[in-house]
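Next come structure tokens for two forms of one protein chain, structure 1 first, structure 2 second.
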Structure 1
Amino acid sequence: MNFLKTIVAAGLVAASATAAFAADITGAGATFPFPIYSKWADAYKKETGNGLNYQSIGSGGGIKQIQAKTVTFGASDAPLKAEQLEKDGLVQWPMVMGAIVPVVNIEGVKPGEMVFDGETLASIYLGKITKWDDAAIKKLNPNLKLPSEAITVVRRSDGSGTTFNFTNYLAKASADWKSKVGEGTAVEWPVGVGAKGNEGVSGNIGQTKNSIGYVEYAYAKQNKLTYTGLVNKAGKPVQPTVEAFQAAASNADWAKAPGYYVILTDQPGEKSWPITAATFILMHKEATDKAASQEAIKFFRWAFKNGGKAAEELDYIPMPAGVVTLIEKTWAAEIKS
């Protein structure tokens, strides 16, 4: 259907002399924000008649496509460093947020009852803690009755932004994790079984007693998985809620980060959820097709202004207002029309 529309739109563009207003925006990249980008695109099309074509080909692909100038914008779950942006003449900003939550399957444990801290979570994923009744876990959960059973560790087998943010958090929380494993979309896991996608991980957790894994918050919520709380940087246990995710984003120091290079894990603040993640948009400062570029900015401005509710419905977290103001300033200053 979209394809047909694109063809029709292209035909109209070719037929009319005033082509600029109907320039179709093309984007490609991260799979994680695909549902919300397409929902926004639908609503935007209804309101303005302008279409947007987003292909979720993965963050790496998104970066490659925008570098090759084959799309109007690229999307990536992991931000590019400022030097890299400078080199390619790109502008980058966070568009929408998500969060990652640990999930468990232990008999008698309900969602939100259990709490971990980064150090303990890292020890489990390093294979140093192998039983649920380990002293470190007991200390964090004195009121829970935990079985003396081996922990089955589940993680993603496919490269993913989820894994990037999760391992980034573990690396910040545990020096041992940082030196032994590090962070990345695919890392050298010391223990555990790998499952494909959020659905693979949650399928594994659902079927395997005494297991632990990590998934996108939206996924855990929609599938009613047994998520856990986390102790944040301020030492306070928090539950995964939209307020906690937004707190993490608000407390991050965006203004001082060149190219908005902030990874939202382990942010300060008493209410911040420790594994929050933004997904980013990449555009050229000086685009070859300036009309499409302007059109894209219009779309993103519209999405920041009107898209919050749609995002929340899909369990994404809109960027806080303060950050949006910063981003609009960046557009005005850096993107040439």
Structure 2
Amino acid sequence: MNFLKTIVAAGLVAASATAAFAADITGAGATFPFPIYSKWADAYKKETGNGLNYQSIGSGGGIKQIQAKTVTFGASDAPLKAEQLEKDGLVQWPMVMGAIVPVVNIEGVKPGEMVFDGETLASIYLGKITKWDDAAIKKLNPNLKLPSEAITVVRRSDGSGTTFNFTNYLAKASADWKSKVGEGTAVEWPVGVGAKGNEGVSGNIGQTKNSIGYVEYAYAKQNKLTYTGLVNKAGKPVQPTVEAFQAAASNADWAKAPGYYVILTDQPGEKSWPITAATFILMHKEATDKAASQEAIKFFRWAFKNGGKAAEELDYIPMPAGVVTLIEKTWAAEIKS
């Protein structure tokens, strides 16, 4: 992931040298969309000469930075409720959709071979299931040879929208999880080793035998991690595919959601992937640096228009055209430039 970080940083440095008249675009937040934001930033820099400096620090950090007005935009996979947006003078919209997948490191188990349901996943993260050959795991995976080894549980240590969506799903799938832990960008984890960012969890899983974690799907693919299937709300085992993510995303009614507050976990439908999520941008209605705010909107407009193919190549789901039209109307009505 260091290569991607360098791309973004280089974009900013080059932009200030070649297009000094253009305001620098600074953003911070979610690690979930970092692969696609980096790819867009690189293409945008080549096309316009303008750079983007995006710090992949986690959704919690992104929310804090935009509230403190230290960046032009914040990014979060945990959307803010309408009353919070109003209080902070913020505008929020979904930028792209993706999915979260469980990942494991078990000798002999290949990507997609293993399957979990929400209850079993919750029991692992509650510390109730501690070994890979537990009866509940074996029942879901009768054909896999699972070791009688302790499960090393890996989770996020930072404030995280990926964690928000993961724990939101576990709370829907397990009454025990809902009552004992609940959901949030940061929770009191009953068990597990903490790692920072999707990057940190990916690295930890890759290096630790008999471990389990959760990451955005692009990280699983880029780091060649062993992702698992999941049993969805309809009781069907599904694999993490763009088709499954789109099936879940198709349930979203963005037009009727104040502040575009839509959670896409545990959606109905036989093909739906259960931990699908949107990632959101946060900007001030009245920016202190209006030129930088205008440059950021230009970048986001460009990404909606030109970034769909790049998003799909990394297995993200572009926002539907009708939703982009709604978002552009929101910009015009709410962001003063």
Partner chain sequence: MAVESNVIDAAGPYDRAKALSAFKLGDITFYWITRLSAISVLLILGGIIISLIVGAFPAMKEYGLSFLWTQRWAPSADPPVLGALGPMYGTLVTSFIAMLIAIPVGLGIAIFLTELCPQWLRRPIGMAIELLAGIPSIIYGMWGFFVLGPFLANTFQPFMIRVFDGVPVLGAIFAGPPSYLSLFNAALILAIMVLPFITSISVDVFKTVPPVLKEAAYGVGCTTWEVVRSVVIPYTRVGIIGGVMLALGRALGETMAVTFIIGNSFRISSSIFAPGTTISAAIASEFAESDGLHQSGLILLGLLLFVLTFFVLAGARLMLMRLEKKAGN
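Residue numbering: sequential along structure 1, first residue numbered 1. Because the structure is predicted, anything quoted here is derived from the model rather than measured. Under this definition, the rigid core comprises the largest set of C-alpha atoms superposing within 1.5 Å between the forms.
Working note: structure 2 is the copy from the form predicted alone; the remaining copy is not.
Fitting the two forms on the rigid core leaves the C-alpha of T162 displaced by under 2 angstroms between structure 1 and structure 2. After superposition on the rigid core, the Cα of P268 moves by less than 2 Å between structure 1 and structure 2.
W93 is among the residues whose C-alpha shifts by 2 Å or more between structure 1 and structure 2 once the rigid core is aligned. When the rigid core is fitted, D289 shows a C-alpha shift of 11.2 Å between structure 1 and structure 2.
Relative to the superposed core, L314 has its Cα moved 3.3 Å between structure 1 and structure 2.
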